[in-house]
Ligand SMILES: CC(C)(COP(=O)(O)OP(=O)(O)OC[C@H]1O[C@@H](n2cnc3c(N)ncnc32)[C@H](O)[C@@H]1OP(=O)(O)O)[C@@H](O)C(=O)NCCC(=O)NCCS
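Let's start with one chain on its own, the form predicted alone, as structure tokens.
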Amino acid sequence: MDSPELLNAVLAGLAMTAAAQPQKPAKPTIRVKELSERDRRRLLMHFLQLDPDDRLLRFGSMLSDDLVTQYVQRLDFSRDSIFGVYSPRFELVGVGHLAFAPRDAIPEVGAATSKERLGELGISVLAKARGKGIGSRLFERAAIHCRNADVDTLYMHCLATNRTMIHIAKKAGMEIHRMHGEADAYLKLVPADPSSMLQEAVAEQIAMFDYSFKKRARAAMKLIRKLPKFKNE
């Protein structure tokens, strides 16, 4: 067997060996979309699915259904930026609420920036959707939005027992301060550039396409289930 034939035989053997190896299932891509008024009802459904312990971790207190409803009704989409992750079944499984506040509103963090505003982020992920990186993706989306809005400090406040949020904060390199059972963390962001502007615009366009596809698929499934054949099954 000459050299080319030997090489081809070796490559073929390697290919067969690789094909025989068990393949890890590819992780689904997480698309983060900026939410709007039309998502308000699904936002309410999302927060109402949080059990008492999760509501405590998200809001810092045990909110009743009525108080959660009031919170969602007061959300101002023109003032704040709210991001969401929809599941393939068109369920809102992750939410990031990014509010902008004057730096004087949080003195211990405001001292770290010369900008007029800083961003404050709260994240919630349904229990059945955890462990997939949704919280980290929501954080990344909020961070790049802050950069492009000329905000260089992103702040998170949570209970010191909220290990998930503290893990996300540490992973992002945030400076964490703990006091009286609560944790404050903030991250200094680099200034915006053409790349960050393009990155956010493209990500939003792709997320919008993904949202529309899932919405239409959900509507189609509802229509199919109404057909006589499926009603009788």
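What you are looking at is a predicted structure, and each value in this text was computed from that prediction instead of being measured. Note that residue numbering begins at 1 and tracks the sequence as displayed.
The form predicted in complex with this ligand is left out here; the points below concern that form.
**Q** Of these, Lys188, His167, Arg40, His177, which has a heavy atom no more than 4.5 Å from this ligand in the model of the complex?
**A** Comparing distances to this ligand in the model of the complex, the residue within 4.5 Å is His167.
**Q** Only one of Glu182, Asp193, Asp65, Asp54 has a non-hydrogen atom within 4.5 angstroms of this ligand in the model of the complex; which is it?
**A** Contact with this ligand in the model of the complex is made by Asp54 alone.
**Q** Suppose contact means a heavy atom within 4.5 Å; in the model of the complex, does that hold for all of Lys132, Cys158 and Asn162 with this ligand?
**A** Each of the three qualifies.
**Q** Answer yes if any heavy atom of Arg31 is within 4.5 Å of a heavy atom of this ligand in the model of the complex; otherwise answer no.
**A** Close contact is absent here: in the model of the complex, Arg31 is far from this ligand, nothing within 4.5 Å, heavy atoms only.
**Q** Is Gly122 close to this ligand in the model of the complex, meaning a heavy atom pair under 4.5 Å apart or at it?
**A** Contact with this ligand, yes.
**Q** Can you work out whether Ser87 and this ligand are in contact in the model of the complex, taking contact to mean some heavy atom pair no more than 4.5 Å apart?
**A** Judged by the heavy-atom cut-off of 4.5 Å, Ser87 is well away from this ligand in the model of the complex.
**Q** Can you say which of 79-87, 142-150, 101-109, 123-131 gets within 4.5 Å of this ligand in the model of the complex, counting heavy atoms only?
**A** Looking at the partner contacts, the answer comes out as 123-131.
**Q** Check each residue of 81-107 against this ligand in the model of the complex and list those with a heavy atom within 4.5 Å, in sequence order.
**A** Heavy-atom contacts within 4.5 Å come from no residue here.
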